[in-house]
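As a starting point, one isolated chain is supplied in structure tokens, in the form predicted on its own.
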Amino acid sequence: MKNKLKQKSVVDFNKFGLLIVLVVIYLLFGILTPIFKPGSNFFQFSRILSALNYAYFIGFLALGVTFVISTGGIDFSIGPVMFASALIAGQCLVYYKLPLWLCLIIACVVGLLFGILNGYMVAYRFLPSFVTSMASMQIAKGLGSVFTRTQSVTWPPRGEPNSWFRNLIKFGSVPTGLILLMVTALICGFFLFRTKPGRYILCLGSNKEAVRLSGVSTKKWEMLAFVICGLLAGVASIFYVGAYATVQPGLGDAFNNEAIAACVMGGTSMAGGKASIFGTFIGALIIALLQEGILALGFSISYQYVLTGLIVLIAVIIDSKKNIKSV
């Protein structure tokens, strides 16, 4: 009983600690911005909205890949899959003049199909998730480029016909995207921790062989984790174009690392079997805040890549030490 209480207190402390880190980073950038760029104010509401625009699609990507990492796998295709979904759906809207609602569904379906492909190859063909997702990453890049003839695609800007989807990001001054991301996080948390399929996914990361010997169909649940990841990558594409409009083919790699960083920083173990949806959500906000803060200070986005890499490295080292102690 004491061990359970101790474990719960540690989890609560970790969640509280992440919130403190988020607030400290925000205050730090607020103090440093006027020093590096006199006259600038990081505490403006527009800065918060700008950071949230980045957090939305990173958040959906991170929530999806949390399921995969929970099984002990990895998915490096989520960024390019998000771009492929946005490019294909955008081309259907702009070039083929399909209805907007149908194009939004197409974006989700493209992500879902990649999730099915990855899940089938890993769960039923027994390919390493690293190799499978790297192959899917290249397929997604090529498919998006071929479908759009290597041209960028611009979704309708706010105020034009077929632009109502931008209300998913912001309705007036209300950040509706944050509400939708929070609702999705709650659903993911309930599914992963309160349902039988979710618990099976977590158990796969702890001891896959033991789960298989107990009579559970490990293939089905391992594939489900990748399917959810792919679907949420498709959803992320809608929030990306809702915030930034123009999508260029052949990109998306950098967002893989940021989404995975949000997961690991939030407490999801790279070894599998342990996840935190709340931590992933806060981790995505931290990644977005770092991106906005670095730009506000006048530095290149390359500095964010350095910080993100260091965050992942530190989080993995801490996670490894925890796993060694628990053995």
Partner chain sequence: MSDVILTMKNINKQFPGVKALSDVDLEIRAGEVLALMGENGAGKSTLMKILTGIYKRDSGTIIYNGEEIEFSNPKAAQDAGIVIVHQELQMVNHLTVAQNIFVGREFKNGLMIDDQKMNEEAKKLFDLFEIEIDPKENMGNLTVGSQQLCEIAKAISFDAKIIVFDEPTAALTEHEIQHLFNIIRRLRDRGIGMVYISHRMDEIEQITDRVTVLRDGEYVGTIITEESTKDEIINMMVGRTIFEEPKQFSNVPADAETVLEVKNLNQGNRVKDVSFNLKKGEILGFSGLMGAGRTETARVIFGADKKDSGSIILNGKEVEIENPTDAVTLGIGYLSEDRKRFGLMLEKNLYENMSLASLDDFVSNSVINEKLERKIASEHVVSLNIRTPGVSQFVENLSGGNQQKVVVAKWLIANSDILIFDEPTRGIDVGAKQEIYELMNDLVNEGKSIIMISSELTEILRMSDRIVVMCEGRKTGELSIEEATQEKIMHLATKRD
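Positions refer to the first chain, counted from 1. The structure displayed is predicted, hence computed values, not measured ones.
This protein has a second form, the form predicted in complex with its partner chain, left out of what is shown; the following refers to that one.
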query	finding
Contact label in the predicted bound form: G215 to its partner chain, heavy atom within 4.5 Å	yes
R158: touches its partner chain in the predicted bound form, heavy atom cutoff 4.5 angstroms	no
is_contact(I179, its partner chain) in the predicted bound form, heavy atom dist at most 4.5 Å	no
Contact label in the predicted bound form: K196 to its partner chain, heavy atom within 4.5 Å	yes
Check all three, F190, C203 and V211, heavy atom within 4.5 Å of its partner chain in the predicted bound form	yes
Region of this chain that lies against its partner chain in the predicted bound form, out of 240 to 248, 215 to 223, 102 to 110, 83 to 91 [heavy atom, 4.5 Å]	215 to 223
